[in-house]
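Both blocks below hold the same protein chain, though in two forms, and each is given as structure tokens: structure 1 and structure 2.
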Structure 1
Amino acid sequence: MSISANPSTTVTSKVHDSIEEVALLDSVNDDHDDVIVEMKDPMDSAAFLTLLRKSLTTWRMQGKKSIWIKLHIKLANLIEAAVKEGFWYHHAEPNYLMLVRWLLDTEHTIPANASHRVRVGAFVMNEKREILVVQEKNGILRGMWKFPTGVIEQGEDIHVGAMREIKEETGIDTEFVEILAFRQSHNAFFEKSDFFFMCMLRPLSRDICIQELEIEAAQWMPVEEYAAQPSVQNNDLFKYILDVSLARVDKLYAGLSPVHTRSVFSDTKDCFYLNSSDLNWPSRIGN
């Protein structure tokens, strides 16, 4: 959501047929008749409620559609007042809660909340057909030799996150090749879903240096030795992942690789992942 106007604390508005200066909550307006209030400084909840009510009256007269209030966690005392004024929760991150209210009589067009977490796994094979594997210190796969995996950070492209995770966990530099396949899982944590993008990357270095906090051990392992593990043989997902990885190395299997496109949401570039092999296009993003 882009923000186009400057904050303001007062507006001249017509209330009860008289022109008066009304104190309002600090806010910015974006391009879509939305109002965004970001609260960071402590405020008494009664004072907040008074300001909020006056502000809502003004915003309604101005024809605003949706009102967003971002409350820092230090301002948890103000949530109840906002809820009483018809706000509901949109999303939350560790240090803030975003509330929203729709001011029109029509059905709201407020964007859906994020529903998926994004993780990556990495198939990295060297010229001796050894693959890069790790053992994790924690988690349900502890003790198994597995591909490096990790969570994509906020605002991070999949191919960038894959290279970063490999570097962090093993110290190996890589060049991104393709997304080979991906898995969608539901109810991964509470009611939220999970994407796991299986990526192939080319190693650019050889010496392993593990991240000791999460990783117990890492090594270059002959792919046959990896494949022979019961934990791989008894898991249909791990077998599929190995099948597509080896098909990419030994056959004509093609995955999806990134090209940049202009973003519709911001000034940054988006990544469009497509089967560039089948279109005879080279990947257009440098690594």
Structure 2
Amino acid sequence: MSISANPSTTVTSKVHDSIEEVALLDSVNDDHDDVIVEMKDPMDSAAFLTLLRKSLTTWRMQGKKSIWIKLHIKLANLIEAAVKEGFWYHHAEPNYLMLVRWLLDTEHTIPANASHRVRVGAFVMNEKREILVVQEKNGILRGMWKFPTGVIEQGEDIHVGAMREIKEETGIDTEFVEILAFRQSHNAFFEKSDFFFMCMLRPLSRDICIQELEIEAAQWMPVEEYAAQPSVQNNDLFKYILDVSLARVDKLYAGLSPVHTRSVFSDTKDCFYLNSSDLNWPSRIGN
């Protein structure tokens, strides 16, 4: 195995009037003057430890605050060396692990890993005042008639994810209308918090085709029949969801619809959700 297929950088250090070239781990500085090391290529753990120690000494002399090491999954042999040098796990993705270390002699200000999972629920009513409901094969709500729900994927907008989840679970095509309300709960998924956005969508098709892996059954159910279920009558959250959804249908309530704005982080577009019906639109924009 090679000592380092990952290119290293060097810094010039003056020691007792002599010039010394010190090899460091290849790195870049971020906008906060922290150091980011991305390890992609195989490296012997002993060689990595030597470079890491030299790099930490140099970065500390340079006044760097925190050091981030992104280890791709095939470099798991380097984890132990990094942990022994004071790094801790920050977060993990399917193909890499991110470790971090604070260098200053102060309490660290490193931001925590993402703290929430984002889920959606879908209220879909047809012209007959029938609502789209499903029964799941697994989970604590198994066997109960409920609205379609699902988890938003990374990089996916809420309204796009809501339409995708309905299509996947029931085969129904929809048009997004609004976010009606949202709930925050804690200790939901691997001790993470949970944002649940209840959305209203308009059906564009009627024929149901269920996702057999997760869904036991799906149907168009008269809203009165759904409301009469003990699971709805005895649960405050389900009652609130139904009440606000029907208020929106009867135009007694307005939710939040998406508008596209320029991202502050990249050249892409973000979605900003607002109640446009109560806004003097668009005359207030830019004022």
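Here, a residue number simply tells you its place in the sequence of structure 1, counted from 1. Model, not experiment: these values are computed from the prediction. Take the two forms, superpose them, and find the largest set of C-alpha atoms that agree within 1.5 Å; that set is the rigid core.
Taken from the form predicted alone is structure 2; the remaining one is not. Pro111 shows a C-alpha shift of 2 Å or greater between the two structures [criterion: core-superposed Cα displacement of 2 Å]. The rigid-core alignment places the CA of Asp207 less than 2 Å apart between the two structures. The smaller of the two rigid parts, set against the larger, turns by 17° between the two structures. The shift recorded for the CA atom of Ile67 between the two structures is 3.0 Å, with superposition on the rigid core.
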